[in-house]
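Quick setup: one chain, the form predicted alone, written in structure tokens, and binding and motion questions come after.
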Amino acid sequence: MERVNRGSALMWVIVALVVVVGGFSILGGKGGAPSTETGPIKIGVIGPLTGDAAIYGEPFRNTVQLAIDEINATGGIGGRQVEAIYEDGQCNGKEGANAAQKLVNVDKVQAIIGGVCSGETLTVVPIAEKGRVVVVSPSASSPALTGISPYFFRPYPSDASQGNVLANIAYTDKGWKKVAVIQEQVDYAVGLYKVFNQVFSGLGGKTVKEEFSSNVTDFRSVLTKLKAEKPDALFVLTQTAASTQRILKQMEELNWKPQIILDEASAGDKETLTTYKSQLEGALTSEFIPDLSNAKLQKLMSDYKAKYGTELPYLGYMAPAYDIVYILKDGIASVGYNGEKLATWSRTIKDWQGASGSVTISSDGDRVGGYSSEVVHDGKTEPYKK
């Protein structure tokens, strides 16, 4: 009888150990954190893969994949291959949120690259924070993202810098006292206008604004209203170059040729600048401009062309996108593939050298640095000079 009891006790000990070990195996370790021991390192990627904003999403996806392929070809991260899970955020909050829910709750990623647009990113961050997943964007520039979460950072400057640069030049250098604004109703454009208007009004200027929703294609009525205001300049503030091109075409039809201010999204689009070269001559704009003499940027441009057969567009967006993959590589090698640890580690990034230049992340998650002023000349942008 005693032997039976001992055997039974031993059996229950074994069962208990199996349950405990099995439970940890299912959960992936202490606290339910996903396993980081074996298999590929899965990273979520959210960007506009369809719609007008796909002109940014396609090269964004290509650039991220180029960096991942390079890392995998040299052994991955700690011997593990990197695998991207791409989701279409369509440059809007609803689809961005849907993509984040899948990546966080189904795919169980610990890091998300994206979104490309501010509207995507603003809805992604709260979902990721709840799941303790780090989010890093290469181009979402809304000031509303500054300090939004300890789980978010961006190696790209806030539009607070862009709006400040444009407003100061418009009022102080150009002497414009009244600026008309045609603004798309999206987070990026709303945030940029808010900063521009605050600075411009603070200097003594005045803005008159007409808004439009993203599905609008006929701008003649709002352009006619703004023309009647007799402004010194018109700020064309859209999320995509496609909308800007429609606006410029209809301005031609109305025979309205004001001084123009362009946001970075359109200023970085070669087709817009060349198609409307005459109309945009002298237009004021501001961009985040990587140093073209940077050897890492030169290599990225060369490798991109060799792989995809076309020039790398939107350098201000794509250089940070490329850098993000390598930043995450360094972070994972340092603290492991754990969203919470990567989020904390991100605030220690200082003078990290990449294709976009020297990257330092401030305590609010923003890249230290800002925009440079430019002017459109002969279908191209060049540094602005007084």
Partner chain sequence: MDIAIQIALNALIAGAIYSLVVLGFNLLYSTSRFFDLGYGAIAIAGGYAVLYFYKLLGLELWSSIILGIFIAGILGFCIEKIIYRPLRTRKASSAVLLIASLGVLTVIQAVLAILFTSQFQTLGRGAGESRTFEIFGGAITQTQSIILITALVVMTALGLVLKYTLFGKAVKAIADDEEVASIVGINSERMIGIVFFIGSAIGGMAGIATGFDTGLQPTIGLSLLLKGVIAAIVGGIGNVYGGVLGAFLLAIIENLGAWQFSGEWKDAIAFIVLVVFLLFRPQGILPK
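Numbering follows the first chain given and starts at 1. Under this definition, the rigid core comprises the largest set of C-alpha atoms superposing within 1.5 Å between the forms. Fair warning: this is a prediction, and the values are worked out from it, not measured in the lab.
What comes next is about the form predicted in complex with its partner chain, which does not appear here.
Please tell me which of 177, 249, 305, 299 lies within 4.5 Å of its partner chain in the predicted bound form, judged by heavy atoms. Contact with its partner chain in the predicted bound form is made by 249 alone.
The single option of 83, 173, 218, 281 touching its partner chain in the predicted bound form, heavy atom within 4.5 Å: After the contact test, the surviving option is 218.
Go through 68 to 76, 238 to 246, 163 to 171, 259 to 267 and give me the stretch that gets within 4.5 Å of its partner chain in the predicted bound form, heavy atoms only. Result for this chain: 238 to 246.
Does residue 340 make contact with its partner chain in the predicted bound form, using a 4.5 Å heavy atom cut-off? So residue 340 does not count as contacting its partner chain.
If you check in the predicted bound form, is residue 201 within 4.5 Å of its partner chain, heavy atoms only? Because no heavy atom of residue 201 falls inside 4.5 Å of its partner chain in the predicted bound form, the answer is no.
Could you tell me if residue 354 has a non-hydrogen atom within 4.5 Å of its partner chain in the predicted bound form? Contact with its partner chain, no.
Do residue 151 and its partner chain share at least one heavy atom pair within 4.5 Å in the predicted bound form? Residue 151: no contact with its partner chain in the predicted bound form.
Using the arrangement in the predicted bound form, list in sequence order the residues of 117 to 156 with any heavy atom within 4.5 angstroms of its partner chain. Heavy-atom contacts to its partner chain in the predicted bound form: nothing from 117 to 156.
Indicate whether residue 184 shows a C-alpha shift of 2 Å or more between this form and the one not shown, with the rigid core used for the fit. Residue 184: C-alpha displaced by 2 Å or more between this form and the one not shown.
Indicate whether residue 132 shows a C-alpha shift of 2 Å or more between this form and the one not shown, with the rigid core used for the fit. Stays below the 2 Å threshold, so no.
Taking the rigid core as the frame, does residue 72 move its C-alpha by 2 Å or more between this form and the one not shown? No; that C-alpha moves by less than 2 Å between this form and the one not shown.
Knowing the Cα distance between residue 315 and residue 240 changes 3 Å or more in the predicted bound form, does it shrink or grow relative to here? Relative to this form, closer in the predicted bound form.
Quick one: residue 93 and residue 241 C-alpha atoms, closer or farther in the predicted bound form compared with this form (3 angstroms or more)? Relative to the shown form, the pair is farther apart.
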